[in-house]
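Coming up is one lone chain in structure tokens, specifically the form predicted alone.
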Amino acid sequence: MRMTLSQKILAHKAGLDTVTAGQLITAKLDLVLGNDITSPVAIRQLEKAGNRSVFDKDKVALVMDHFAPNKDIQSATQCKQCRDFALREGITHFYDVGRMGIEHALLPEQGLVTAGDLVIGADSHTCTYGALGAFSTGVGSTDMAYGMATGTAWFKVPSAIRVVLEGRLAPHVCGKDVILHLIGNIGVAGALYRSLEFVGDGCRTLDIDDRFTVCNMAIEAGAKNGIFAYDEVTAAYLIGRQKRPAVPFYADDDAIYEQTIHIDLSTLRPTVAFPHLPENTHTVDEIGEIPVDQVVIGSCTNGHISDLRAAAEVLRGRKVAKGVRAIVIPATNEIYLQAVREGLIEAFIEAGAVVSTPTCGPCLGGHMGILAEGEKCVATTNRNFVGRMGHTSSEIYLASPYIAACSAVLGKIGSIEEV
């Protein structure tokens, strides 16, 4: 049938034997996601349509994470609108302060996504769940409203780029370096409306958190989605979590790809994306003296427990440099608790960092670390656009938790060899 992994899932959910790139289809959804910014718009669309109810209260997830805990009256009003809607509709998966997390870390953790699922979310980084072998992608709030009401969505079937991963990452090199390397090579439009399908023996050397990070930032290359095939790494993560059985799909041996890219993981070096695009990448060996004012470790991209462990490895027994603000944000409460139990939070605080409740916070310029004029920040987040984290003259450098933590200690962008 010559279908890619993504096309296999779309064909199944559309009730078709086969689909081809460019074909328009309507497919059944396993989950519809919204947050405190995008959900109110979708809710208003449902109200305009005559207060239509959701198609399935168990297949809609609303996560209050962008401006929660609420930072001002407007954000409080938006969250209240979501709370009222969730109560009225009896939505099972509503996550608010105290039982929340950053949506793209929370939903897999709660077992709401599994292999073979088709998921849309009114947030561009919904593509994260491809790490579990799901087809997941971001949509607008109007499409979210339609999905909540009907349980379906329309898609133009994407073509695909095959990314063959070989070898194994060196110590202190991680999934963030993999995806930044790829984006640096193909550019922010290099995979425009294509699937990025990661294959090869190197995939098995990446843990699930690295896969989440890679798929999360597929959108930064313009991709419709990023995806890994279901394997033993996926299975190990899903055990005890998933609410329903995984339904693995695999690409046909003769699947059609527009392009094949080979990456030898063993050759990768820690990589940093300079302002103001994720494609503006440099390895640590190419970086001069760049002082930093702030470091952010967290977000849906790198707020997992392995990310916090990496940061703590650097910060334990060391101090954040004078004049640097170091902010650590665990992605979920479960991750936060695990970090407490492992002594990671203690290490962060003793080093001079501050630890926040789970929130998107400064990633989108929300709160918990807005930048002033001319300030520079090293962040484990996913975007470094102009004004993304504050003043339009501020600068964001995207990097792994290792590089971020090292930069906090050094007071400048630096690597593990320098601390």
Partner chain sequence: MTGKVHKYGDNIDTDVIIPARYLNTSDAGVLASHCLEDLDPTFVSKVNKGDFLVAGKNFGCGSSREHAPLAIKSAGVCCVLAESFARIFFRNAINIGLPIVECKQAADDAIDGDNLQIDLKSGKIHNPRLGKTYGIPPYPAEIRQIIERGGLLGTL
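This structure is a prediction, so every number in the text was calculated from the model and none was measured. Residue numbers count along the first chain shown, from 1.
One more form of this protein exists, namely the form predicted together with its partner chain; it is left out here, but the text below deals with it.
Remark: none of the three candidate residues (Thr234, Tyr237 and Ala310) comes within 4.5 Å of its partner chain in the predicted bound form, counting heavy atoms only.
At the 4.5 Å threshold, heavy atoms of Ile43 stay clear of its partner chain in the predicted bound form, well away from it.
Within this chain, Ser124 lines the site of its partner chain in the predicted bound form, having a heavy atom no more than 4.5 Å away. Thr38 belongs to the set of residues with a heavy atom inside 4.5 Å of its partner chain in the predicted bound form. Not displayed here, its partner chain is kept clear of Lys59 by more than 4.5 Å at the level of heavy atoms in the predicted bound form. Residue-level contacts in the predicted bound form: of Asp201, Glu286, Asp72, Glu346, one residue has a heavy atom within 4.5 Å of its partner chain, and it is Asp72. For the residues Gln78, Thr271, Gln294, Thr332, the 4.5 Å heavy atom test against its partner chain in the predicted bound form is passed only by Gln78. Just one listed stretch, out of 333-341, 132-140, 105-113, 316-324, contacts its partner chain in the predicted bound form at the 4.5 Å heavy atom level, and that stretch is 132-140. Residues of 222-241 lying near its partner chain in the predicted bound form, listed in sequence order, are Gly222, Ala223, Lys224, the criterion being any heavy atom within 4.5 Å.
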